[in-house]
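Take a look at the structure tokens below, where one protein chain is shown in two forms, each on its own, as structure 1 and structure 2.
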Structure 1
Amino acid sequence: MPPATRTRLERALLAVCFCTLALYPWLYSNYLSTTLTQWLPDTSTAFVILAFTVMGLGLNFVVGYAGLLDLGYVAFFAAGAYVAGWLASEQFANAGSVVFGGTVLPKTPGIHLSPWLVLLAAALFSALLGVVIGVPTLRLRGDYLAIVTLGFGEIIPQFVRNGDNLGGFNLTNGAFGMNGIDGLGFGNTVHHAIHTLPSNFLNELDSRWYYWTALALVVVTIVTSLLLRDSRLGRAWIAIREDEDAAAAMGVPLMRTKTLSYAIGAFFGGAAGAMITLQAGATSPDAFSLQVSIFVLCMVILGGIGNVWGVTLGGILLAYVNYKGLFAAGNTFNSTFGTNVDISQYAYLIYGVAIVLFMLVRPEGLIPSARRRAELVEEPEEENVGAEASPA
């Protein structure tokens, strides 16, 4: 459905959702925290939830649109995280001091670019990595591709882990990972130029700013998804997902089109990775397990493969469960029954059961795209289809 045909109700709903999300930090501190602290994420946790939602939306370009099962998406998260480490910490202190809009004092050793530039650089680097990985592997079909991407998802953390001694050069700091990564902020120069910015450039912006940045990124990702879906490129992706041979016979260049979806997915994965790293101030190879890839994949499946709104909802929901809901549920459970069970330990058991059940019972996800429903439901639903179809 092109945006133009959205009903008034849907638009109103969207506006309300967006406003609630935008005002969440304020709502949380003023109204919600007192009564619902147990169950609601604080602003920092909400930031992480949104950042992971960006990953889900990014993976949706690859899995949902182009139908390429990528089990190594964490590689791009890692790429983004390490670009943030390289460009905004003292990792390369030997190289002297390069401070360009970074949130540190002048003359601090190492490279310290403006975090906004770091985000962009991380996304671009990650997209480039996507092309590099994609070109040799995207010609493979379905499940082989899944395994190869999984392979990359395993190789890259191992490379990071061993990267403290690449012919004597310390690129990644090995298993320790990187620490002391700068936070989000506007840096000295900008701060002096524009006086209305938050006080004291040295203090990183508080968690609300992270949250709003993540929210902005979510919006950018959603808009990109929608614009591309209803374009020549988006049609080519879906055609490839539906029938690769037929798509090629109709003039769709398979490799280029697939690589593009992979690169765009990587772009947002890298941005999210960098953002999470800027907030955490540190990153390490332990953060890049297969579990992350599967977790993000679950968002896409749960939300309804290919459906932007579904994936957004799935992403927020699942990330919420993972970062807050399970703890909260565990605590409530324990305090009610006087037990001492760590439910979050069994998160992946729960996710596993959820994946299986979803594929068996509701393969179209929470909010399937109308398309996807057409794909998975056998019998024709004439009236429905007519109603959903869009007079452009």
Structure 2
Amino acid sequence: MPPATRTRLERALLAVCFCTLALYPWLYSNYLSTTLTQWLPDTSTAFVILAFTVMGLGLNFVVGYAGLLDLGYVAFFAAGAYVAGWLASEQFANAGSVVFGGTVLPKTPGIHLSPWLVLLAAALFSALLGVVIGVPTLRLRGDYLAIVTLGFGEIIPQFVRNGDNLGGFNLTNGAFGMNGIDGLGFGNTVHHAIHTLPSNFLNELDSRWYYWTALALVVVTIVTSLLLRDSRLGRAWIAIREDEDAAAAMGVPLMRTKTLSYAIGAFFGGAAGAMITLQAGATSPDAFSLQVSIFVLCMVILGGIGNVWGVTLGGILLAYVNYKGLFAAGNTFNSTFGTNVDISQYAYLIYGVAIVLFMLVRPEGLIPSARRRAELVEEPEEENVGAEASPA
């Protein structure tokens, strides 16, 4: 197939996929929910799937582009979640009332900023945290880097768990977490006008609104990934990933370049964490375990390290299996064979076996980058260096 034709087909397929995702809430409600409801996620579940896909794409900046093994990515998820709690709830009610574009009535205790400002603030705070963590951490390499990032990933949840009495100040509300966090909206006037609508219509509208916001964030993350991949910074990341010493010899500033990958990845991880918290209306330290970091890392590996479309596909598929597909398969199995097996008890066993088998069959991922495919699949060409014909 000619390259030009192939490019047009890929763009057409991409446009169809995006339109399908954009129309999914309407398709689900009108055509799909009656026949495929057991296997297809509802709009709220699809929102969570897209939010975790954003985290997978964010981690791809660190692992896929710069080649830095990060086992503590959940720290940025937690940072974004708690910034959302600080800026959109009654957590700091003792400080008075600060309402600026929030979805609550004026003079409501606590800080209630516009949720769009909250998303931006959470992302920027997470990026700053990425710089703070990255500066002392990214001087290490390989296994040492993985161990240190793992440590930071464990420190953050413990900090928020014990942050209810920092010199007499309640920062995180401890193990109870924070509740009553505001949702998305356009100021209290529009928000309360919308909430006068019938409850069934309102619930459907809210879930669709969150879904479309998550989809827009996925698009922004993909576009940012593609632009940075082909930029001078992206080429510097790839140089570091391939050979750090050679990159330094060619004049690539290692610490600054690696810290930028860490900060950009943290930016999108924090945005996803804030968005999930705004949708749930609450956050808790129990949600920020090591399993989240491993789960997001599996998205990158299974999708195809360094490939934006591969990570997107891997994130959607793995999050779907985790939040819908596995339980749908369990229900189908029980209804078919008349059993009563709780599939959730074997979830991690199934994940482990599936990941091992997938890595054995296709170690390069679902949609690998050209470089990754060349490393793991294509056989190196045989070189006949200095070979001479034997005399007859």
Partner chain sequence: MGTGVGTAAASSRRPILALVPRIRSRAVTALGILLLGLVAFWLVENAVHDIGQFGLVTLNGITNGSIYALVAIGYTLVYGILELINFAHGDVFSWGAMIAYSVAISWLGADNHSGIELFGILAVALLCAGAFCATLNVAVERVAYRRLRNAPRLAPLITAIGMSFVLSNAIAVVYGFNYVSSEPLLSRRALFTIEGQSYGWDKLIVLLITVPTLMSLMVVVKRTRWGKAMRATAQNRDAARLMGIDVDRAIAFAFGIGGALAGIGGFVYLVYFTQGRFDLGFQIGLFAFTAAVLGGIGNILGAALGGYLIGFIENYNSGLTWHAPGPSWTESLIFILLILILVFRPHGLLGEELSTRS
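Structure 1 provides the reference sequence; residues are numbered from 1 along it. Fair warning: this is a prediction, and the values are worked out from it, not measured in the lab. Note that the rigid core is defined as the largest set of C-alphas that superpose within 1.5 Å between two forms.
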property: Of structures 1 and 2, the form predicted alone; result: 2
property: Exceeds or equals 2 Å, Cα of Ser344 between structures 1 and 2, core fit; result: yes
